[in-house]
Every structure is written in structure tokens, then in C-alpha cells.
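Only one chain is shown below, in C-alpha cells, and it's the form predicted on its own.
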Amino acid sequence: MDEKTLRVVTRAALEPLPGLLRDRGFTVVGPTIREAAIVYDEIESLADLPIGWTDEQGPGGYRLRRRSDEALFGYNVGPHSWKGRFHPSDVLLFQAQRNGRDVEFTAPPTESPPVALFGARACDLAAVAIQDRVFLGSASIDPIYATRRRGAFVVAVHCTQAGGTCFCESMRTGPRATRGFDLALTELLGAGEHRFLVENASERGAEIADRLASRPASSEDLAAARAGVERARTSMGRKLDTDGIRDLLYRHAESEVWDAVAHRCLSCTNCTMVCPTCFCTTVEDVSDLSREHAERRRLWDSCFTLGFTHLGSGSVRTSTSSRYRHWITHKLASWHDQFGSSGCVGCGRCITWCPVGIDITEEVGRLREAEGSRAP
């Protein structure tokens, strides 16, 4: 970050930003309130943002409440991540239509307008980078992901508060975004002025930033921004000890901890659906009753479903304990072997949106306790 190039814009001066992005052909997607949650959807202006709202999160709990100010980004991540924009939950792969004795196959168009992610948090940008490695980082490039990801513009927001289930500090993925964005905002509410510190990290970002009325950042602005990020860093609701975590999980493949968590786990798949890095899918073929029309769709799947590992002789993982063990071991251990990083970014969604409040950080802690109790 070059502090000499940082600018400050007021709340009013930020108003044109969504329109500037739309004028350049982007579909602008940002946080907005739907059904008592802050989700990502298409937005037209800053008025669509959750102005003056925040969230309270804990294991198995999420609720919105009013803030005492008009902050635009005064909340933490909700049930949505950017995964659904680039890796949709339901994709039509092709259709088949019978015409007499012939069958005609058609595929939907693959092109889609470029998207602008408005208000992307550091943990979610780390998740996008992970998904890029999964879908774009090998010889087997996913064309659906590649098409939707191409040309995306990112407006990041550095976090100045942490939620009750956040632990991005433990995963070294936040609260400040360090890469993967064109523009980054730090919201500053003090000194009697609602303003934003603006950082550009690309030519596209600089071109957009130049269209916003701004002033050079003062030492007070920079100090306030650093203090806000530090406040988020030191107030995480959760911590995860990652020291030797890969080998820890491998050593405990037969631990009784898995049976204990299985008594609570519902295998409902919520954790994998809200996780910004989980990417498993299945393929479903459907035909109509006349057998004249059929289609193939790709749908999100989960390692928690019984049929996920179904082979000719049945499912490989028939118990809830084996499925939970596979999920957490892949996420925190074998992901390192497969993709060169952890599969967890510390967003805390799996904790918040688990209906029985299972906490991934606590389960790792139980493994460490179990190992310590057997030490000589």
C-alpha cells in the first residue's frame, strides 16, 4: 500500500461508484438485506446497501440489529459468499430434444456479462483465490467458472469490526485485504465526517477512483484506518491454532472425537453450502413424461450426503462421523496436499449457520486435548 496515493472520499462522493461500474458494462453485485439477512444480490446504488445495520453471530445464531450510525459496511459476512457468482449452484449443461427418430442436443450460451463485486471482504477474496486454483489452476479448467470469473472487477472493504464467529486472523486471510481487488475501501466514521479511505490496486481501479471527488489522505485518516483494522484483528470471536494442524488431523483419523461430534451433526450440508471454498458437485439428468425432452444439470453437492460417495456396492462413508471427519480433514489437512493451502479462510460461516452450533475451532481444540491427555 502506497500511502502517498491513498485518497479520501466522502459518503456523498462515493454515490456515483455503482453507476460508474454499470456504465462500463459490469453487473454490480453487493450486500443488501433479504429475508432478515445480509446477502449478495444485484444493486443499483448505495441506497441498496444495508445502511445502519449490523449482525450478531454465534454458533447456530444470526440476527440483524440496528446500529447507532449510518455505516454502509458495518456488518460481517452473511450466508452468501461470492462462490455462487462464479460457481453457480445450478447450471444447465445441455438439453436434448427428440425429433422423430433423431435427437438434437443444444447447450446454453456460456457468455455472461462481467460482474463487479462490491464490498468484498478479505476472507472472501482469499476464498476466491482458492477457487481460482481449483477451477483454473490445472490443465482441467472449468469453462463455466472461467467465463464467469473473466474480467471481474472487485471493490474490497477492509474490515474494521469482527464478528462472533470470525477467525480470519488465525488463517492469515484478513481482516485487511492484501490482493485480488481493483479498489479497496476503509470506512471511517469518526471526526464528525462519514468518509472512506480509497486504495487502488490496478489501472482499472485508478481510472474509476479518478472519477470520484476526493482529497489526499491525511495522517489522521491513515491512523484511523489502521486503528479500525487493528480493532477487527484483536476482537475476533474465534481462534484456531493452525500449528501442525495437517498432521494433527492425519494422526487422529480414528479418534473418538468424530463419534462425539456425530451425535450432534445432522448431516444437513449447511456448512458446505455456506462455505466459500467448498466446490463439490453432482450431475443430474431429468426427462419429461413424454420422453421427448431431457436435460442435464450440474448441482452443488456435499460430502455430508449419503450418496456423495456412492459406488457400485454402496456408499463409502455411511456414518455421520466418517463424513464429518472427511470434511474437516479435507478442509484443514489434505487440502494442503491437493491445492497447496488450507481450504478454510476463517469466515466463520460454518459455525454461524450450523443449526446445532458445531464449531470447527472447538473440534480442532478437542483433538488437541485428546492428544494431550494421552501424552506420557
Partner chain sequence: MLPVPYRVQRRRQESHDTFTLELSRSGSAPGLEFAPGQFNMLYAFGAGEVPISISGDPARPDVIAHTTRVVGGVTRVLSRLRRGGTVGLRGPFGNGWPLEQSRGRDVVIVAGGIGLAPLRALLYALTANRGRFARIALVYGARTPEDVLFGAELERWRTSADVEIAVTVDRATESWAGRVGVVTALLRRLSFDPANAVGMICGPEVMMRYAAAELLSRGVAPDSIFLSIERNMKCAVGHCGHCLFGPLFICRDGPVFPYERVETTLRVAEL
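Numbering follows the first chain given and starts at 1. What you see is a predicted model, and the numbers here were worked out from it, not measured in a lab. If you superpose the two forms and keep the largest set of C-alpha atoms that fall within 1.5 Å, you have the rigid core.
Although it is not shown, the form predicted together with its partner chain is what the next lines describe.
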If we define contact as a non-hydrogen atom of the residue within 4.5 angstroms of the partner, is R149 a contact of its partner chain in the predicted complex?
no
Report yes if any heavy atom of D142 sits within 4.5 Å of a heavy atom of its partner chain in the predicted complex; otherwise report no.
yes
I'd like to know whether D301 contacts its partner chain in the predicted complex, with contact meaning heavy atoms within 4.5 angstroms.
yes
E230: touches its partner chain in the predicted complex, heavy atom cutoff 4.5 angstroms:
no
Among 162-170, 208-216, 302-310, 221-229, which stretch sits within 4.5 Å of its partner chain in the predicted complex, heavy atoms only?
302-310
Taking D48, H80 and I245 as the candidate spot, are all three within 4.5 angstroms of its partner chain in the predicted complex by heavy atoms?
no
If the cut-off is 4.5 angstroms on heavy atoms, which of these, F26, W53, F339, Y62, is the one near its partner chain in the predicted complex?
F339
Please tell me which of S89, S267, S287, S202 lies within 4.5 Å of its partner chain in the predicted complex, judged by heavy atoms.
S287
Pick out the residues of 225-254 whose heavy atoms come within 4.5 Å of its partner chain in the predicted complex.
Y250, A253, E254
Would the C-alpha of R133 be classed as shifted by 2 Å or more between the shown form and the other one after rigid-core alignment?
no
With a threshold of 2 Å on the C-alpha, tell me if A71 counts as moved between the shown form and the other one once the core is superposed.
no
So with the core overlaid, does the Cα of H293 end up 2 Å or more away between the shown form and the other one?
yes
